[in-house]
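One chain comes next, on its own, written out as structure tokens in the form predicted on its own.
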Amino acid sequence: MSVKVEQIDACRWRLPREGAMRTDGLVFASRQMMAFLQQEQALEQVRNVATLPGIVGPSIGMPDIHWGYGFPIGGVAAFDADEGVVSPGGVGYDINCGVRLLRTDLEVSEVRPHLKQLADALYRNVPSGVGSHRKDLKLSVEQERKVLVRGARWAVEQGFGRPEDLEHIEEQGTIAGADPELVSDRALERGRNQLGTLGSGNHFLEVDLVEEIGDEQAAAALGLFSGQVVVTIHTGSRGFGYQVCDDYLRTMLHAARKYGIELPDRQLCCAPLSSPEGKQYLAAMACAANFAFTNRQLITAWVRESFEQVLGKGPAELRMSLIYDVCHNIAKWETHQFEGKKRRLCVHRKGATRAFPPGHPDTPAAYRHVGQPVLIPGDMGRYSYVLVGTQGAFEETFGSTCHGAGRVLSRHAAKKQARGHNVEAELAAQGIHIRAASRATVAEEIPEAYKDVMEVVGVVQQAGIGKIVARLKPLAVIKG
């Protein structure tokens, strides 16, 4: 189906309201990106989201947009508290998939001689792959319920991290309103053994080099300097979050019929925010979000432990601290200014990152003069980026920006392209050490499977919905 698009400027495109749409679509993309997008289904999904009741402002697509379940990945949509809806498809199966970035005081020259051993230790200490688990971490049902309510705070209370870590996590690592009674026994069972694991697919753990600084003031505020070694963690709520989403899709299909909501695509199934079904989903979603915050907090503890083991340095020498942890699959209540009025909105970010501006009270005090850190992974062969949020994002995209590079090849197409290549050897020749649960995963995640993230963040910066702070280059990559 051909989707009508109108170019607004060099990086903005409008999908004008027509048919059942209640509002315009707004997509951030270069001309080249838009030519590619017009060949696939993500634009149609932006239009479909624009038909949902109570949507406020446009249905938004970020430059890393691509097809997803119901909502596009790289999509943002805000809904009115009284007339709007909440949709599991607007959050995604991997609830609170997110990224966290740790800094060290180490320069690359100190770490490079130990990189292979460090990659081995990280691969050994942080379980990865489908069904992976730590043999020495077994939760009781009661402990798991505490995780779902307290999030990363529970992990810190058990000795997995430091109290100051919590100040540098979105929502301090706990989404309020979580109710374990609204989660199925199957979800609890799937999650119990998976806490503290990377999982599979595009999830990863990377040792990175700060290759280039783009904004000295912001970099200094975040504790970043050129030649520094940092660590990126990308994972989410594992089988627990998947099961919560799957369970509530059935509830939402029933609710959409019950409340007379017309759906252009049943994958957009939803319920009014004010309905019992909508409130129950948000409470269950909060459980999964808190599971994911805890998951990344445990992995952080094992990353610190691995560095100490391999480098023979203590915490005081490594000075390994959390820069920030940000969600990119979530629906959250937030207050935004819209058409001159303060509005309480439920903002769906699916494959999109919160990017609050300097001065916002929800930005950690240490960063409030430069803006909230935004972490944008690229691919395992090129680079990733650190940005900060801007006033432009707050005014135009409900304080949101992109979340990554965005796939251009399906997993099947990537594996086909990788045939005949020794991907691990090719990356090792570039000084990048890979450890993975399977060769198939490496093939699925070849750099060519993704857009060049430099082009994605270039559009973001040009549009004023994010500001580049630093570019990171991978040194060692642990894949699921």
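Note that the structure is predicted; figures quoted are calculated from it, not measured. Sequential numbering from 1, following the sequence displayed.
Just so you know, the form predicted in complex with the DNA exists too; it's not on screen, but the next bit is about it.
Stretch 234 to 242 is the contacting one of 319 to 327, 234 to 242, 271 to 279, 76 to 84, since its residues have non-hydrogen atoms within 4.5 Å of the DNA in the predicted complex. Note on contacts: among S306, S200, T174, T363, the single residue with a heavy atom within 4.5 Å of the DNA in the predicted complex is S200. This chain appears without its partner; in the predicted complex, the one residue of H133, R192, R186, R343 with a heavy atom within 4.5 Å of the DNA is R186.
Taken together, the three residues Y93, R411 and E445 all come within 4.5 Å of the DNA in the predicted complex, as judged by their closest heavy atom.
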